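One chain is shown next in structure tokens, namely the form predicted on its own.
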């Protein structure tokens, strides 16, 4: 093997050992080159969102100077042209709907109405094709029409192009820099599928009072689809976790009774369904999940990586440590408002408290904001290497 292949294998072994709650040679470090990079590279949000080659070139430019193990991705989450091709109403992207130096905005509405529950539950995919897509896309307003058919082809082609370009970039970064990708595949909690995309926050909260049985039936119907989504997007890979951003489950969006009744059963079933196929979940616990740690501990061992955002880190270690790998340790607010000295202190504290027995990945607590300071992010990596040797 050449030097980069050896480096990749070292980092991969480090990652897999931590995922399995073992103790590698050092604490693995996860890192993403997010929107914060814009202010340091003389570009705009619009340019990095719409120009994939530009976005990927920024990553290629920065990687040589960064010694981390697990790469979480480049500056933008997705490529807007695949939404634009279908006249999507879901988002406003930089330069189109919002300022060229503003991040994207999600347009939350009740794209699914209360009367749609029964039809949706009977056949979720059929309902999505016949009703949801026309509701969220101006170009798909008349299903089966020439215009709609062309828009679907254009959107699918853009999606394929984005995937191909991104895959080629990751292959390049792996070969040239020895990096390991964080995961393969994507899924969501069934309640989030319903509450984020279909009913919206207001709609789903009203439903919990007015039609709770329909919410439960819909979450149950969504579950097998979300299991399949997490597997299909990953192909045959079971080494790496599928990513699941968990939104409405954070306290106090729901009270504990609502969480245990409506949110947890279908999410638990999704995780168990994935794990039965050998696929674990990156349980991206955005916000505070402290009240629910004991319930999460009931999951099969090793079936998740638990991301610590504002969850009580010591409590997470106490309840989940040894059963599941923990990831996080550096609050995103500290990366924005802190100093390199404070970052060093936090990294050492987190490694001492969360990583002393292994089963820990050093990372930002959640999504790094666009106003984070580059010097703080670099200090996070350097401090992890200094304090993270076992």
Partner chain sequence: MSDQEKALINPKPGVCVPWELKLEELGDFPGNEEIVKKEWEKLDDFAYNFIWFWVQR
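Quick caveat, the model's predicted, so the values are computed rather than measured. Positions refer to the first chain, counted from 1.
One more form of this protein exists, namely the form predicted in complex with the partner chain; it is left out here, but the text below deals with it.
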query: Is it true that 133, 136 and 225 each have at least one non-hydrogen atom within 4.5 Å of the partner chain in the predicted complex?
result: yes
- prompt: Out of the stretches listed (249 to 257, 294 to 302, 310 to 318, 187 to 195), which one is close to the partner chain in the predicted complex, meaning heavy atoms within 4.5 Å?
  reply: 187 to 195
Heavy atom within 4.5 Å of the partner chain in the predicted complex - residue from 276, 122, 217, 150: 122
- prompt: Using a 4.5 Å cut on heavy atoms, which of 141, 168, 160, 98 is close to the partner chain in the predicted complex?
  reply: 160
- request: Report whether the minimum heavy atom distance between residue 86 and the partner chain in the predicted complex is within 4.5 Å.
  value: yes
message: Can you tell me whether residue 155 touches the partner chain? I mean in the predicted complex, with a 4.5 angstroms heavy atom cut-off.
response: yes
message: Within 4.5 Å, heavy atoms only: does residue 129 come near the partner chain in the predicted complex?
response: yes
message: Residue-level contact is defined here as any heavy atom of the residue lying within 4.5 Å of the partner chain in the predicted complex; does residue 71 satisfy this criterion?
response: no
